[in-house]
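Listed next as structure tokens is one chain, alone, in the form predicted on its own.
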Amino acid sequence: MAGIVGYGAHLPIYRIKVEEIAKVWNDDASAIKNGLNISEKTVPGRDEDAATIAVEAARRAVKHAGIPATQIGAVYVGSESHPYAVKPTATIVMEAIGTGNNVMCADLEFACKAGTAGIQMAIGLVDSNMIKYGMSIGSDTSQGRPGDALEYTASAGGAAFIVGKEKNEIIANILKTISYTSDTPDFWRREGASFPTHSGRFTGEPGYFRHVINASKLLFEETGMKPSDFKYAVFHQPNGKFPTNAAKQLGFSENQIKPGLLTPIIGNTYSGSSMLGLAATLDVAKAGDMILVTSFGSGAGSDSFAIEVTENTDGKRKRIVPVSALIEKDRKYIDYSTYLKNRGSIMKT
């Protein structure tokens, strides 16, 4: 199968701490932090949206891959927060990075797994020789209703991955990918609604855990692999607790998920979540390391991947901006009123 030839990530510089949100609603900050395993989250600037985040991640991915953008034959952008209801984000990205006009473009939406679905689509196009390279991006400025539990986790960020099959360019082979899908209404946002709605009793076991566990087990069955065969594992991160519990249920250790577990310090970036986790893991992985990635999207489904890092990764590493550097770079903490202003919840009339 095709493999990853380059990747890039982007995070806003703004942050808000759990304590800052909790004091507005008279919530117990310690209980929130312990219950969700989260301490702070990213917040988009007033001039940032899913498109600008996607563009920055895409530019970094092209630089890391070391290929001309004109050779990218498909651009897919997965998001729950596309800036336009009718107007593709993907065309903004392809124009910004300079792919030229001979390119397939589409916006994808499958809650938080739209970006990994795009990777699967790019794999098919590359393997069938329809295109040389395909790019998929997961990018979100996710929404949480003020006072809702989601407000503590819904954050902003994204990652872009370029898929190709030139052996000397691939930094990580995608050995296998499968999906597990059902119609489970755990989370939704109707047309015109500003904030999503979630059905608490469907969120955990019927939603997240059923799909993540079953997708991962299907991958094990079809590859003959087991948790001990993987150096690292990355799971979708709606909070800091769910992926940790999923890892334990599947037989992974805390050390295997540690490099990609980002939600405790950046929040849930929705479509960017598992892709940012994979990027952070690839930042530290070495040739021969095996990585399991299982995304999750409400509604509901999971995509699972078995990925093997190649010897090409070291030669390209100097061109990457590590996720850890993006987390620390120019970080600025804001208060709740600035947070609302940045999110467009309050404005001058």
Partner chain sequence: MEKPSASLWRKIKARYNLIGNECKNCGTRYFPPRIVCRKCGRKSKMSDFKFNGDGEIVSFTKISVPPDTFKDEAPYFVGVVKLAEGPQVEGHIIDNGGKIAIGTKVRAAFRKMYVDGDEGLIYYHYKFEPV
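Note that the coordinates shown come from a computational prediction; the quantities given were computed from them, not determined experimentally. Residue numbers count along the first chain shown, from 1.
The next section is about a form of this same protein that is not shown, the form predicted together with its partner chain.
Residue-level contact is defined here as any heavy atom of the residue lying within 4.5 Å of its partner chain in the predicted bound form; does H64 satisfy this criterion? Contact with its partner chain, no.
Does its partner chain come within 4.5 Å of any heavy atom of P83 in the predicted bound form? Yes, P83 lies within 4.5 Å of its partner chain in the predicted bound form.
Please check if A96 has a heavy atom lying within 4.5 Å of any heavy atom of its partner chain in the predicted bound form. Taking the distances in the predicted bound form, the answer for A96 is yes, it comes within 4.5 Å of its partner chain.
R15 within 4.5 Å of its partner chain in the predicted bound form, heavy atoms: R15 lies outside the contact set for its partner chain.
Sort through 298 to 306, 42 to 50, 276 to 284, 25 to 33 and report the only stretch with a non-hydrogen atom within 4.5 Å of its partner chain in the predicted bound form. Result of the contact check: 42 to 50.
Listed residue (I174, I92, L261, A246) with a non-hydrogen atom within 4.5 angstroms of its partner chain in the predicted bound form: Of the listed residues, the single hit is I92.
For the stretch 314 to 346, I need every residue with any heavy atom inside 4.5 Å of its partner chain in the predicted bound form, listed N to C. The stretch touches the partner through K329, D330, K332, K341.
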